[in-house]
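Shown next as structure tokens: one chain only, the form predicted alone.
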Amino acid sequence: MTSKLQAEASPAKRVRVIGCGMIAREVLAINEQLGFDHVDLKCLPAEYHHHPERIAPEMDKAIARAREEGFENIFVGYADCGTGGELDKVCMKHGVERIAGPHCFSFYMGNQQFAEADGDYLTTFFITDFLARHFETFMKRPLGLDRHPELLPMYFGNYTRALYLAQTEDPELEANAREAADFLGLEYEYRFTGFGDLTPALSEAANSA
């Protein structure tokens, strides 16, 4: 997925954001809000959320391709996202920065606020706009829960609540999130976060080019 660019801008003057497909809509929305027409978005598949071991090696390849295309300014649109520090090794190898934080739930909430919670979210299943929009196709079907609901305790037995961190105020998405929580048998909570730390992270990356 690639955002539209000004035809006259060369790759050397653009910023290539290589992000998770789960935050593509949000990155494009921020670019539009802040008027960043020099930011180019390329996404890795959202399904890597289920396979975090694939993120670092695929990011390594994506950064190399971006360099070959002439991009001097590259920003990684991922938190650690379950890579166990492997993504940081790739970033260090190529001399690029990534979004701070352990995962998107943290930077949407605000990394400082998440850290100050000191483990209060260990039994929380987080829902974002992406998951509220794609719960059926991204969670239920891949995990086989549509066919085998008896698997629910195996996957979600240690969770007690579902917290919807909303990037937009959308009644339809909120209804979807509540339905997902009901399906999982979890207590539902709602919190509007907007884009959280994603906005300043992208702004800094775009303005540093």
Partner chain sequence: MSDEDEIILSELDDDELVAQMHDDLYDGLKEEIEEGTNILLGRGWTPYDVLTKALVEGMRIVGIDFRDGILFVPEVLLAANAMKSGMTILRPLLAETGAPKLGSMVIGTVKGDIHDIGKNLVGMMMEGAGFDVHDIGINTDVDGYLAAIDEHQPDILGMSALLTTTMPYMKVVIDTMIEKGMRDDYTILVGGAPLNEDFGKAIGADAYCRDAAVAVETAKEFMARKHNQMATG
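Just so it is clear, the structure is predicted and the values come from calculations on it, not from any experiment. Positions refer to the first chain, counted from 1.
From this point on, the text means the form predicted together with its partner chain, which you will not see here.
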(message) So if I measure heavy atom distances to its partner chain in the predicted complex, which of the stretches 58-66, 164-172, 43-51, 27-35 falls within 4.5 Å?
(response) 43-51
(message) Although the partner isn't part of this model, could you tell me whether G110 comes within 4.5 Å of its partner chain in the predicted complex, counting any heavy atom of the residue?
(response) no
(message) in the predicted complex, is there a heavy atom of its partner chain that lies within 4.5 Å of any heavy atom of Y159, even though the partner is absent here?
(response) yes
(message) Would you classify G70 as touching its partner chain in the predicted complex, given a 4.5 Å non-hydrogen atom cut-off?
(response) no
(request) With heavy atoms only and a cut-off of 4.5 Å, decide whether L122 touches its partner chain in the predicted complex. (result) yes
(request) Any residue of 137-176 with a heavy atom within 4.5 Å of its partner chain in the predicted complex counts; write them all down in order. (result) P142, L143, G144, R147, H148, E150, L151, M154, Y155, N158, Y159
